[in-house]
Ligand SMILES: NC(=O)c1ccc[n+]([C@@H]2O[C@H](COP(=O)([O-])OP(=O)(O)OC[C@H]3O[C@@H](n4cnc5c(N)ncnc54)[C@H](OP(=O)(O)O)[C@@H]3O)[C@@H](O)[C@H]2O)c1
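Next up: a single chain in structure tokens, the form predicted alone.
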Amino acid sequence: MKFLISGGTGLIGSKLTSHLIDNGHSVNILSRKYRKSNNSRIEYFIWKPSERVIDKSSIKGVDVVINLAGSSVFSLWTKRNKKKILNSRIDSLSTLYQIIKREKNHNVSQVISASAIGIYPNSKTLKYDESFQSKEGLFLTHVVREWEKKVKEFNKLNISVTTLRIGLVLSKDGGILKKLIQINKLRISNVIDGGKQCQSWIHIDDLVNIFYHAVENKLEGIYNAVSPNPSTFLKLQELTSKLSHKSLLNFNIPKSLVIIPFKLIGILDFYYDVIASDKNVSANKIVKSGYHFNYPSLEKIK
């Protein structure tokens, strides 16, 4: 099979590309910069989604489109950055939609798009599955709703749509786990309110395998891509201590103190959506589809 991946040069995209190549497939990767491939089964194509520009050759022979594109949410949430976070996701999907719509003889049968568990509001009591609906939520909830609404438009082209709501991705090669390991070198870290916030996470190997599982089993609809066993932030800190073979001294900071600077500079939603994220997300649907986790709990990560 041939795949087209947007966001294919990032942490998840690079890992997914390697997995697809190892399984005998070929991959077209959309990039904002010209890149030369050293592998005959990987080809790079230029696109500029903010300008709706894309190399039309990138869709030739493609069976499955995987969308991973989107600006990082780990930035200062000014009005400008918020607009960039939302538009980067909408523009990417719009550009992909238009090229498929224009190419009448395309082979695309499935579009799999990344989404996020940020659609679920923080809660100390609820466990969220894919059927949950609410008008509540802050900035990320709005972003994910618009993101997923845009993905559904591919159904108009008679293309199967799969949406994966991704949790906190754990990888030694990047993301929060790598950052925590780096911080752990100082042997001192801070936790908010005892680090009790529920963290619905997923190991990057499982995430890549779930993308492939969605292709092999022709999954359609929305699936949470999270481990069956969520953790707490404090447990994540303990994992980084184990992986770096260094003990860690945690300093607890009351929420009432942490929240002050975010409130003063007007990005209180960043605090609640990112820093104090606290949500228990169910993996039951993806498990029932037949997926078996390699890393169902933090204890499996070594």
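Numbers for residues come from their place in the sequence shown, where the first is 1. Please read all numbers here as calculations on a predicted model, not as lab measurements.
Absent from the display: the form predicted in complex with the named molecule. The rest refers to it.
Taken together, G195, P230 and Q237 are entirely out of contact with the named molecule in the model of the complex: none brings a heavy atom within 4.5 Å.
Taking a 4.5 Å heavy atom cutoff to the named molecule in the model of the complex, the contact residue among S88, N209, N81, S160 is S88.
For the candidate set I166, V108, V215, V151, a heavy atom within 4.5 Å of the named molecule in the model of the complex is found for exactly one residue, namely I166.
Taking the partner from the other structure, the named molecule in the model of the complex has a heavy atom within 4.5 Å of a heavy atom of L11.
Looking at Y120, you'd find every heavy atom of it more than 4.5 angstroms from the named molecule in the model of the complex. The closest heavy atom approach of S71 to the named molecule in the model of the complex falls within 4.5 Å. Although the partner is absent here, S244 is not a contact residue: none of its heavy atoms lies within 4.5 angstroms of the named molecule in the model of the complex. Only one segment in the set 55-63, 260-268, 273-281, 25-33 has any non-hydrogen atom within 4.5 angstroms of the named molecule in the model of the complex, and it is 25-33. With contact defined as any non-hydrogen atom lying within 4.5 angstroms of the named molecule in the model of the complex, the contacting residues in 113-127 are A114, S115, A116, given in sequence order.
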